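Quick setup: one chain, the form predicted on its own, written in structure tokens, and binding and motion questions come after.
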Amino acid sequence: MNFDLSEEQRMIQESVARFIKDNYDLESRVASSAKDPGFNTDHWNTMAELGWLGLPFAESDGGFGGNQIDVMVVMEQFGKGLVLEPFLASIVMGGGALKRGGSESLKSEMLPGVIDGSRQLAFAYAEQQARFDLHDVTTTARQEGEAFVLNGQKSMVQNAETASQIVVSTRTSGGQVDEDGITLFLVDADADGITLDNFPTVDGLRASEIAIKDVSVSADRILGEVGRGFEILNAVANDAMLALGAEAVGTMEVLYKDTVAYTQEREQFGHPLSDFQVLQHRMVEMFIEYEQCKSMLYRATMEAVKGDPATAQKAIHGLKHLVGKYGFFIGENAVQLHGGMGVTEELRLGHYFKRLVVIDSMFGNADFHLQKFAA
């Protein structure tokens, strides 16, 4: 496989890297996270103006016709800056469902606003009892005339607080854990019967618990076919895991480089910490695991773009396992080698580690994906 980026992708990578370097110091991130809406709206508008929000959408929909590789390039740099803006929630997940399942009229109505940043989406797929199983759905949709009435509860919905529309997975037929019978709806966030319980997450982002009670949604807001939504749901989850893998790789790079720099400066017994062989071995292992995750990211992303779907699915399971396992390893060692200050809020190290822990828990943790890979 050719892992070289195209000239356009290198330009995007350099542009995002410059943006992160100029705008994403820890102090400004903490300040943006602490006030509504939980991210910097000026940064979001800049991302739209630079065309980043349109990368994964077809040219016929007003985007740039990019794919998972282009998203990987952006998300890896976002991981280095711990970006707060809802690119993953609105563009990769919500937008990913809309571009795959929306009718032409629905896409022409919604996607221009998504791409220019004026409209944000959320993706409500998780439920309390489901753990990591996408097909475990108890939220129901009952047809009444030309509309459907939705009832249920969705958990840990990123960006619901600022979204104008929410993609909701529901069950229209079948048993609780059947893949058949799942239907996706695009629901207005301010619709009657939608109640949000918003809260900050441990990594500085925002999420919501959503109560859905007798919410009426017209049939033209269905994404894909009635009862056939799992295919779209799984495809969006795969794209999200690739994006999260790229973000994690960027985060790991910052952690191991910060640790190497610190041990070269910090002296103990008259020598820099980096002189001690046991610590050298530890940092080499951190680097090796980072490189392994990066290689698996490239492999999984390339397979998703050009490979066999079954091979791509297996590679994505492998990526998510490695990112969860070695993300924790790199974060834990970075904190330990920094000593007590490694866990302070004033040092960016702990913020990166917390983000890696959250990434591990999204769409299935390391153990879950190891079982899927083995199966």
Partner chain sequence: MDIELSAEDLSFREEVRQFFSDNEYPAGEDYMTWRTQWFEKARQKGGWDVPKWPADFGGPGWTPTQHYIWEQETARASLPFDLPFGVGMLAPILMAYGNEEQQHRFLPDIRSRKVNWCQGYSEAGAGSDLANVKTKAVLSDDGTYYMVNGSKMWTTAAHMADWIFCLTRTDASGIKQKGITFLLFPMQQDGVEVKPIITLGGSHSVNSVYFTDVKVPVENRIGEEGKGWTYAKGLLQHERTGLAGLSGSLVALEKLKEQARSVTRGNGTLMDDPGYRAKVAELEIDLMAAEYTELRSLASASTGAAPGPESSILKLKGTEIQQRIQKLTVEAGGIYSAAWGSKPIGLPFARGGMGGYLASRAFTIYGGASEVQRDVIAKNVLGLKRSSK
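Positions refer to the first chain, counted from 1. This structure is a prediction, so every number in the text was calculated from the model and none was measured.
What comes next is about the form predicted together with its partner chain, which does not appear here.
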Might V343 be said to contact its partner chain in the predicted bound form, defining contact as any heavy atom within 4.5 Å?
-> yes
Quick one: does V202 come within 4.5 Å of its partner chain in the predicted bound form, counting heavy atoms only?
-> yes
Would F64 show up as a contact with its partner chain in the predicted bound form if we use heavy atoms at 4.5 Å?
-> no
Would L279 sit within 4.5 Å of its partner chain in the predicted bound form, counting heavy atoms only?
-> yes
Students should find that, of G318, G350, G51, P37, the residue having a non-hydrogen atom no more than 4.5 angstroms from its partner chain in the predicted bound form is G350
Using a 4.5 Å cut on heavy atoms, which of T195, S218, Q264, Q128 is close to its partner chain in the predicted bound form?
-> Q128
Every residue of S155, G270 and E332 near its partner chain in the predicted bound form, heavy atom within 4.5 Å | yes
Report the stretch among 73 to 81, 128 to 136, 288 to 296, 229 to 237 that approaches its partner chain in the predicted bound form to within 4.5 Å, counting heavy atoms only.
-> 128 to 136
Taking its partner chain in the predicted bound form, which residues of 352 to 366 have any heavy atom within 4.5 Å of it?
-> F353, K354, V357, V358, S361, N365
